[in-house]
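Taking the form predicted alone, here's one chain by itself in structure tokens.
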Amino acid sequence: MSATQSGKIMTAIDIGTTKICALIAHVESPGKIEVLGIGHHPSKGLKRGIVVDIKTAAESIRSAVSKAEEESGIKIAEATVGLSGAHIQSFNARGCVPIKYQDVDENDIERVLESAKNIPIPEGREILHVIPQYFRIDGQETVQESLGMHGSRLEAQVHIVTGAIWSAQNIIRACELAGITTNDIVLEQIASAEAVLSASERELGSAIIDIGGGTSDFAIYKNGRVIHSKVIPVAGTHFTHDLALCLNLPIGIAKELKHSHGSVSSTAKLDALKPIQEVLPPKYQSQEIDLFKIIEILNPRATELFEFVQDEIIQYKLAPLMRSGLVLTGGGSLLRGVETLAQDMFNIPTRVGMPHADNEEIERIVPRLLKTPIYSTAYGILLFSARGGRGELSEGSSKSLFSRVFKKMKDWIYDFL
């Protein structure tokens, strides 16, 4: 992030299993963001959101960033990076402390949040987010803001997100090898929600499923805050592999077929599609493949994904929190029929979400290229960074970059107060 005469240059990097996207933007305020450069590149060296080959991952990151730099004409050295993957785990916790001087001050809030965090965390894991959901004074009604209120006992319920230290560290190191300093990390469920949920949806209660390449991210918002989140181990690559195995096709061709003719429902609009044989290489054109065969293959996988989410909703009694419905985003949400299937299974209003703004003034500066679910996370990372108002990491700190980033991530609790 660097300063200009009337704002800052910010960079967001979405490091996914199938693609890496980098956005460079000029930010005057959260409502005045001008995207200057967009770069994307196939993601290599990652599996299910986890780095498995750090040098290859770094090369992919560098390629995406270079394209954004070329388009914007700006050389960047640091960025805010999205984090997801199968290692992410979340849960709710509560804390309680006496109010020292009868009126709640910032020290009381800090102590009650520390109390909520005072739970056993498995070795090798780190707390990434501590997000207050509500406060309570002396056992009375819950409140969203407790600062300045009078009482003797302060309680807080928080949503805690943890991740594997080594996984996050490898993301940071891959960026370093690509010549990029990580100045902040954001959980991708939070980033995607920033981009595709309206303020009223976050306030009244809404669910989001970001169907990525290696994993899918599920989260529920209420009163403007995350109430529940979960990483689901079913995503776009599973759809591709199912087609490849069932139709005896190479992965690359199966992926193209998924994009051109993929559908999970026979009620989707399929009549305008080209004949399948026209998109297959000559070697595979003799195979008997039709749209209903593709649906027969993909529908069970989509059903499995939504069943994972349904189990989560039932187990934690989340249905009453989804009054505004469900928003699907990410590349997997572009599969034909996925919106209809989700609406039938969850029986709530469902839509496909893409980067948007809450008013026309902001809407005009969202580039047309970004108005697709594929870029929801990357644009959300940019919004999160712009709205957070966090500065650069201290150059004089004696701590390692990794330690400083994680201290910064723990300090995110104040962004939600």
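Bear in mind that the values here come from a model prediction, so they are computed numbers and not experimental data. One rule holds for the numbers: they count along the sequence shown, beginning at 1.
Not pictured, yet referred to below: the form predicted together with a small molecule.
A residue is said to contact a partner when one of its heavy atoms sits within 4.5 Å of a partner heavy atom; Leu334 meets this definition for the small molecule in the model of the complex.
Within 4.5 Å of any heavy atom of the small molecule in the model of the complex lies no heavy atom of Ala219. Interface residue remark: Gly163 is not counted as part of the site for the small molecule in the model of the complex, having no heavy atom within 4.5 Å. Using a 4.5 angstroms threshold between heavy atoms, His159 stays clear of the small molecule in the model of the complex. Here the chain stands alone, but in the model of the complex its contact with the small molecule, taken as any heavy atom within 4.5 Å, falls in 255-263 among 138-146, 170-178, 313-321, 255-263. Residue in contact with the small molecule in the model of the complex (any heavy atom within 4.5 Å), chosen from Leu341, Ile211, Val186, Ile88: Ile211. Using a 4.5 angstroms heavy atom cutoff to the small molecule in the model of the complex, all of Asp14, Gly236 and Ile374 count as contacting.
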